[in-house]
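Next comes just one chain, in structure tokens: the form predicted on its own.
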């Protein structure tokens, strides 16, 4: 069964006795207890594998994460994955807000390129608070057979050999397993120690994210407004609430974040041209510096990367979480089927199959997202013209809108 421990606390183990400071007998070590790491662990339920999940945050934070302002646009595919894991049923009705339509706006033009399901489904997807996803994933692994959780300590060092991967914890203990799975953020130290080079681009901009109440009805419509000098998204929540996501140069975002709630409310209302009437900030604002990453490889000897550790997407197309969840499900499926055949769960063929599958899923999205960001945040006159033309072309070509809609719903 699942057991928990923390730095400096006596730990009971599902594997060998830890009194010597060395733990053997694990099949998989997962580095990182965020959504990707927890989802991967949950997807292995019933596999019979012995898993150690290592997370630097304390157990209390994992069990009850604080609201962080982020609302995750979950696609139908992601909802299906979470349903198969027994996670979706843990959400309350208030947690899930329908995303019925998405509109893209450019500069001062009133023209909007719209995407809707156009199918029996009444929505493109669902918006769920990030902290609730993390909380329900954590709840879902409680009592999971074969899973040992180490909270409150990180991984200081990694070695991989022909037969096993060995990690040294920050408290001096060591663990070994047949497979190491890194899910420790887009700035992963584990990835660096595995010798995997990564394309990292810091954008010099930050997002300010907060919930706002507003006078107008949003109708379940999300908007992404590429204004001149700013990008502002409004994500529809239940009732007359939305999540406001404002992107500006980092220094300007820090200035806005320091405003009192009344001044910030006025600022957001003005910046959104009162499209939803007067807005009032609900709760606190959160700031996130923007950076995108893409690992040159998603696997190494006895190791694999999932989640943001593999691909850290720009949030503009809302695919980062969905892609990370898909990577966890893909790798877990390969590992489970191989374990059932008593094969090598970290064999080179399995890892190559995972890398090929996730590269096929991620490379086009990553490239398209970068292109969108570069074009629609460029305010020079030629780029402004190109922005207008591409939106008009998208509206005039139904197959383009259909392809984008399918991408939004499925990935």
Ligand SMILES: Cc1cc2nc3c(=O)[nH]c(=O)nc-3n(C[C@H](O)[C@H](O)[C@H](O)COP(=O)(O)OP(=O)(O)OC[C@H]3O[C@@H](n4cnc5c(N)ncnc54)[C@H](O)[C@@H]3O)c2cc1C
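Note that this is a predicted model, so its numbers are computed, not measured. Positions refer to the first chain, counted from 1.
This protein has a second form, the form predicted together with the ligand, left out of what is shown; the following refers to that one.
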Item to check | Proximity to the ligand in the predicted complex, single hit among 359, 353, 384, 56 (heavy atom within 4.5 Å) | outcome: 56
Item to check | One residue of 207, 141, 237, 276 in contact with the ligand, assessed in the predicted complex (non-hydrogen atom, 4.5 angstroms) | outcome: 207
Checklist entry - Can residue 337 be called a contact residue for the ligand in the predicted complex at 4.5 Å between heavy atoms? => result no
Checklist entry - Does any heavy atom of residue 318 come within 4.5 Å of a heavy atom of the ligand in the predicted complex? => result yes
Next on the checklist: in the predicted complex, is there a heavy atom of the ligand that lies within 4.5 Å of any heavy atom of residue 42, even though the partner is absent here?
Outcome noted: no
Item to check | Heavy atom of residue 70 within 4.5 Å of the ligand in the predicted complex | outcome: yes
Checklist entry - Any idea which of 360-368, 25-33, 375-383, 343-351 reaches within 4.5 Å of the ligand in the predicted complex, heavy atoms considered? => result 25-33
Item to check | in the predicted complex, residues of 267-295 near the ligand [heavy atom within 4.5 Å] | outcome: 288
